[in-house]
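First, one chain by itself: the form predicted on its own, in structure tokens.
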Amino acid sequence: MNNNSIEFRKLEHLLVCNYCDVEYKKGTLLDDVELIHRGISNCDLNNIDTSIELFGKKLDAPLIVAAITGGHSKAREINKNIAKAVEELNLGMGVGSQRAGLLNSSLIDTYSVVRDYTSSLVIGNLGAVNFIEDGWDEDIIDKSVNMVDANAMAIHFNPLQEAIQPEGDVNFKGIYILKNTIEDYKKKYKNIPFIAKQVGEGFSREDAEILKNIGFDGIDVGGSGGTSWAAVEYHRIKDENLKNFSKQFLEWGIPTAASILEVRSVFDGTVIGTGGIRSGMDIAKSMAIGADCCGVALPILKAALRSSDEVINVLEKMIKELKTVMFLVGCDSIEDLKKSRYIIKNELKEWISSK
């Protein structure tokens, strides 16, 4: 695949996400989590502490802007607006897959621009399949880390998207190669955290066991309920036969709440809840059932296409909602929230009772 086709695909993804209906219909199942109201509260809403420490950085809320973009000239302005917002609010952010920047040095600035505007947490991003298909190694990781001065590196897993995408890479066999690559990077370069990241399909309990054995420090569940990358690719496909084929996979995946519970049941590292996080209520519920932080993407993309102020408005609203929920369940801090009582009902209850 040539560099121009990758760059064009990045633009297509941005346009489809902004203008087409690409969200799952089945939802995150966070509605099946009921937090317990505390009628007394015993908290001061004005002094609720939402701060956390994540990958060596203190953030003012358990919220990061999940990986969105890079690799196209339009992406530079988007990443700039996001970086300015997370700097203002002291949050974190991820960049999109850095493959395009590795293949074409003229696109590096679409990623590295983030460091012109924020000193906060930045998470790099590489595709798991490329370590198998293209022989990527610890030196490639180091180039990617240096591209954005990353505090952590995400390795993304997206088998559904690759299977639907006409130009997809579908060989995920032999993923244990990452164990040696991560170990070699930490010995040769920096001992930064590595995060296994899903992009909308979710991770299962069995996946989490494998990822733990490989040596990942964190897992970003990327559950279904937000952006469906099968839907994104569906809107890109021109061939009607391929469109009909892909249509049956539009709702495929593990809902976000179920994936958080599945992963947390066997993994004691950092768990990031992404996939359809749309409110402070979603964040609070995710934290209560096992997440250490949450990520949001699609609403931020739409805001970042307009301005950094729009991104700030979206994030501030979510943080205000989170503080209100914490006040109503009697939690002064995020650590208290993670210990708070909740009820699981309906379909999500079936997930946790399955073997």
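As the structure is a prediction and not an experimental result, all values here were calculated from the model. A residue's number is simply how far along the shown sequence it sits, counting from 1.
Below: the form predicted together with a small molecule, not depicted.
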Contact flag, V199 vs the small molecule in the model of the complex, heavy atom cut 4.5 Å: yes
is_contact(T110, the small molecule) in the model of the complex, heavy atom dist at most 4.5 Å: no
Any non-hydrogen atom of I48 within 4.5 angstroms of the small molecule in the model of the complex: no
Interface membership of G92, the small molecule in the model of the complex, 4.5 Å heavy atom rule: no
Residue stretch of 133 to 141, 101 to 109, 168 to 176, 271 to 279 approaching the small molecule in the model of the complex, non-hydrogen atom distance within 4.5 Å: 271 to 279
Proximity to the small molecule in the model of the complex, single hit among N81, T181, S97, S246 (heavy atom within 4.5 Å): S97
One residue of I68, L315, V33, V325 in contact with the small molecule, assessed in the model of the complex (non-hydrogen atom, 4.5 angstroms): I68
